[in-house]
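One chain comes next, on its own, written out as structure tokens in the form predicted on its own.
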Amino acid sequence: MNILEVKNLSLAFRMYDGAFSRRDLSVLTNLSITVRGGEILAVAGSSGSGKSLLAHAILGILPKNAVTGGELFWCGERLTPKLQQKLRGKDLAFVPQSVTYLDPLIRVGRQVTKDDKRLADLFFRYHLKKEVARQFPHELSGGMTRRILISAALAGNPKLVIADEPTPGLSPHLAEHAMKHFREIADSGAAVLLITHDIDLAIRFADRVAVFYAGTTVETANASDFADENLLRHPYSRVLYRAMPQNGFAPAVGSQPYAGALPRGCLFAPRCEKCTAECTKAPPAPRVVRGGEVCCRHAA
């Protein structure tokens, strides 16, 4: 069952230059993903590729100057602002990237859950002493705050967990511990949307990986495809593969384009060794290749 469907999502921020000049800065374009019950979908890509903006769009917490297009569906029902508000914090849980999301005036235990037994279970799982429950956020280390945020998101029984970079600041042991917990959540029938820079860790637990570049989806592949560069379909996915430490840590030529200066055709064309004149005229449409979905005219 599809818990979440994002179809051709576009996002721009309305900017004002002076009193009468207005422009829209496009940051997401034709972005599509599907998150199924019982799976972890990892979202990978460099900084600025739109990963966190996607999370905020799903949750309905974008700033007021955001202009969106496309469609979002929750269990087959259109995900409206009213439904987002109803689901948020309950069926739709969020582990934010920033550690500043906790209320500085409330003790952290009450911010996780009012169920003392559930609180004790979560604190035991994440190696937090019971005394931490009575502390305020400013008394916590970064790693402790990260564990509190994960605990708060998983305290209920969400249908979808959006985890935005949940492991920075955690020891390798606790990072793996958190990933195992997400895997348990997915195996119980819920869904996890895992936004991460740590592809190596993600592919050990995820079912599929959606690769983002410059605000759009360029490939969605089985996590197992990242075991071999030749199994990947998009040139940028292969760039990410080669950048992993065990694969040579090879740097890529060029950089991701700025949101205000996107190329007309394929967004990766200026950096792609397979680029042809056709690639520069219009963005490629998504198509199925070897069991995955890719936006590339040359994928085979």
Partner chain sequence: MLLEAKNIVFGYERGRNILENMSLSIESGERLALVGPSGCGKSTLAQILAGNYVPGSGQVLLDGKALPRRGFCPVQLIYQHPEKALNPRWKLGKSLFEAWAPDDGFLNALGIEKVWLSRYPAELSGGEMQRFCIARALAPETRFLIADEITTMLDVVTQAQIWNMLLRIAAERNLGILAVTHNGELAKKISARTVTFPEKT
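This one's a predicted model, so the numbers in the text were calculated from it and none came from an experiment. Numbering follows the first chain given and starts at 1.
This next part talks about the form predicted together with its partner chain, which is not shown.
A.B. asks: Just one of 105-113, 217-225, 140-148, 178-186 has heavy atoms within 4.5 Å of its partner chain in the predicted complex; which?
C.D. replies: Only one stretch passes the 4.5 Å heavy-atom test: 140-148.
A.B. asks: L31, L240, L232, L41: which sits within 4.5 Å of its partner chain in the predicted complex by any heavy atom?
C.D. replies: Comparing distances to its partner chain in the predicted complex, the residue within 4.5 Å is L240.
A.B. asks: If we define contact as a non-hydrogen atom of the residue within 4.5 angstroms of the partner, is G156 a contact of its partner chain in the predicted complex?
C.D. replies: No - in the predicted complex, heavy atoms of G156 and its partner chain never come within 4.5 Å of each other.
A.B. asks: How about P172: is it within 4.5 Å of its partner chain in the predicted complex, going by heavy atoms?
C.D. replies: Result yes; P172 sits at the interface with its partner chain in the predicted complex.
A.B. asks: Is there a non-hydrogen atom of I199 within 4.5 angstroms of a non-hydrogen atom of its partner chain in the predicted complex?
C.D. replies: Because a heavy atom of I199 falls inside 4.5 Å of its partner chain in the predicted complex, the answer is yes.
A.B. asks: Where, within 251-289, is there a heavy atom within 4.5 Å of its partner chain in the predicted complex? Residue list please.
C.D. replies: Contacting residues: P251, A252, V253, G254, Y258, R271.
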